[in-house]
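The chain below stands alone and is given as structure tokens, in the form predicted on its own.
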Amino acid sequence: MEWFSFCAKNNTMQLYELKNIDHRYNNRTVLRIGQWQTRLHSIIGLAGPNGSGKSTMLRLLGFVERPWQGSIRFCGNTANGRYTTLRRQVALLPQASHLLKRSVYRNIAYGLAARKDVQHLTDRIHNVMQWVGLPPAAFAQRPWFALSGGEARRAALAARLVLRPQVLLLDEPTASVDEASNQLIKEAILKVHHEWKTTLVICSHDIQWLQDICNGVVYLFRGRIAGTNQPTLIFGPWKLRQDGRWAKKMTENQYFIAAAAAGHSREAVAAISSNNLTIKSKINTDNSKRCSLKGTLTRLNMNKATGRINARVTVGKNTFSVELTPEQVCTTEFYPGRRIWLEYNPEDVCWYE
């Protein structure tokens, strides 16, 4: 495709551009995105709880489904009228492996045979089998039912890799697999990204795994983009205070306070971004606009994409995600197990019905 070849030579061009997306099932909106875009040759993570719209978004990006409303552009061109052609540029690995009732070799060969692309077939299949840790001598003729869960997952991935797609979409690629398969899958997809410049879009509940390999992570909640910084979700019921703010009990003597939003109910879900939270070694009594909660620092992880530190702070049964700089961690001597104060502005809370 000439226009995709131009896109591949121009790394500054946007690969996907989504605008005013409203996607529905049975007249119920499951995904609503005002605007989203990503560049060619990037690694993008999609995170969020079950039902947040991650798998639906992958199906739209894979041109498996058409949005009920809105537009998708691919390499600067509208996708309308090109869905059949565009599917050949994109490979989607769904949550279920869905192997055919045949040998591993024939499973991997199926897509190429359907495209009548059989030149050097065996070499190409054996090559991707090695990449995913399935040595051809041991696995090529093994039937689908004789594979473990991790082996089946890697065989399904190999069936996508052998197509050499421009974009690889992965829906929970390492869910329910052992650590060895997890590592082999990670190495294989990074190999195609570096050697073939394949763009990766990965949906996963493993936030640390995404932060380790992605250029950026998009967080979804209830079909909407909740930001690129990990949000903390706080579920109702809420209690309306005399000052017009809402309160959610965290511990016996502590409440999370949120500014009221028009029209939301006491069962609404509040969200606060990790970059709108700070942690201190002692309570701040100088700023009346900010609220404080006493909690325990439970974990520190490096976000390789940003170079910042993601801290987890537990307050009662709730865990908050906070973004810190390496300097903050060093100069304040934050470490897991330390009791700290979590600060935030109630005006920074977002609401979801």
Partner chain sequence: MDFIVQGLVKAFELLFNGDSETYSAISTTLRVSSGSMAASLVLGLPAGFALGHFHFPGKRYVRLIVDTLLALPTVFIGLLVYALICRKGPAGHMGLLFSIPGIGIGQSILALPIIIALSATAVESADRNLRVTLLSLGAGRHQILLTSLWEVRHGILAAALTAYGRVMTEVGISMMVGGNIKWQTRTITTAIALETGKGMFATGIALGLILLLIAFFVNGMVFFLRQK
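On a predicted model such as this, the values are computed, not experimentally measured, just so you know. Residue numbers count along the first chain shown, from 1.
Not pictured, yet referred to below: the form predicted together with the partner chain.
Proximity of residue 132 to the partner chain in the predicted complex falls outside the 4.5 Å heavy atom cutoff. When contacts are judged by a 4.5 Å heavy atom cut-off, residue 94 counts as touching the partner chain in the predicted complex. With a 4.5 Å cutoff on heavy atoms, residue 305 does not count as touching the partner chain in the predicted complex; it lies far away.
The shortest heavy atom separation between residue 239 and the partner chain in the predicted complex exceeds 4.5 Å. Exactly one of the stretches 154-162, 71-79, 203-211, 220-228 approaches the partner chain in the predicted complex with heavy atoms within 4.5 Å, and it is 154-162. The listed set 282, 120, 194, 98 contains one residue whose heavy atoms approach the partner chain in the predicted complex to within 4.5 Å, identified as 98. Contact annotation: of the candidates 186, 124, 88, 245, the single residue with a non-hydrogen atom within 4.5 angstroms of the partner chain in the predicted complex is 88. For the partner-free chain shown, 100, 101, 102, 110, 111, 113, 114 of 100-114 come within 4.5 angstroms of the partner chain in the predicted complex, judged by any non-hydrogen atom.
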